[in-house]
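Just the one chain here, the form predicted alone, laid out as structure tokens.
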């Protein structure tokens, strides 16, 4: 099987697997226990926290270990609901991940405002600038990179605006971290990430919190994580996550070409060019915006529904997606594609191909051959 669904989950990197195995053997104690075995586990967590802080550019004590981005994002919205005054409105981009969208609807059912995006899927900074000049929201949520389209969001510019108006910024960086340098993300008030998106294990992630003020815990119980998240920490998971992130950050430091592009973009760009030339009516969603080097969101030719494409490609040995893995199974079209101005019929023709660090250029070429074969079969039928 040739795997093109890394935005849903990425296979565990060997370095992460080795770190996990070693941690299970070496750090068997509970980090909260007072004996030496527990202290060793706690020291390992502290060292990992410092490493992550150095990548993000924040203080180690700003970081909370969680079970993943969904928990981190829900914790952030829970905190806003508990700490903002009763009339505060949360603004979030119209293309946020379902766990941010649904958590916002839950905690702020009548007190949220969507920030529109352009046809390319980028947050409309002009709209945001004008709106914030008239009204001060309680908080703003803008992701770093979109999970369906790969479109990069202007989180740095949004952060500048939020600082000017003294508004906290929450940035879901789940798809950014491990694919692009994490440096600077720590400047945001809240930042979430998940290990399994970049080669770490499932079930572990983090939330970067503000340096000042109390953070309202989502999970209550013990006083782990400075009272911000109850429950025994997943030491092996955290160490495996950091092993994977160290590998990715090291690779990113050497992955730029002379013209400023990423070396990993070559296969994707060749695929897009040939796909557009070969499949009539095909379109790359968000083509005019900066995107993750690994992601292609493609509007397929008008040749039956997207699920048929996925099934037929699967039979040919290709794992692809229709968009967000967390939204699969829903009948309604993608809210991300809809926010970009596409019709429901067009949204029903979108497939997502997301490669990994180890994906070869030939695998992109093989995917195109598979698409052509599926298209011809559907067309002829």
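Positions refer to the first chain, counted from 1. Since we're looking at a predicted model, the values are computed, not measured.
Not pictured, yet referred to below: the form predicted together with a small molecule.
The stretch from 65-73, 42-50, 310-318, 332-340 that comes within 4.5 Å of the small molecule in the predicted bound form, counting heavy atoms only, is 65-73. Using a 4.5 angstroms threshold between heavy atoms, residue 99 counts as touching the small molecule in the predicted bound form. Heavy atoms of residue 196 reach within 4.5 Å of the small molecule in the predicted bound form, making it an interface residue. Although the partner is absent from this view, residue 142 stays clear of the small molecule in the predicted bound form, with no non-hydrogen atom inside 4.5 angstroms. Although the partner is absent from this view, residue 174 contacts the small molecule in the predicted bound form, with a non-hydrogen atom inside 4.5 angstroms. Just one of 104, 153, 147, 297 comes within 4.5 Å of the small molecule in the predicted bound form, counting any heavy atom, and that one is 147.
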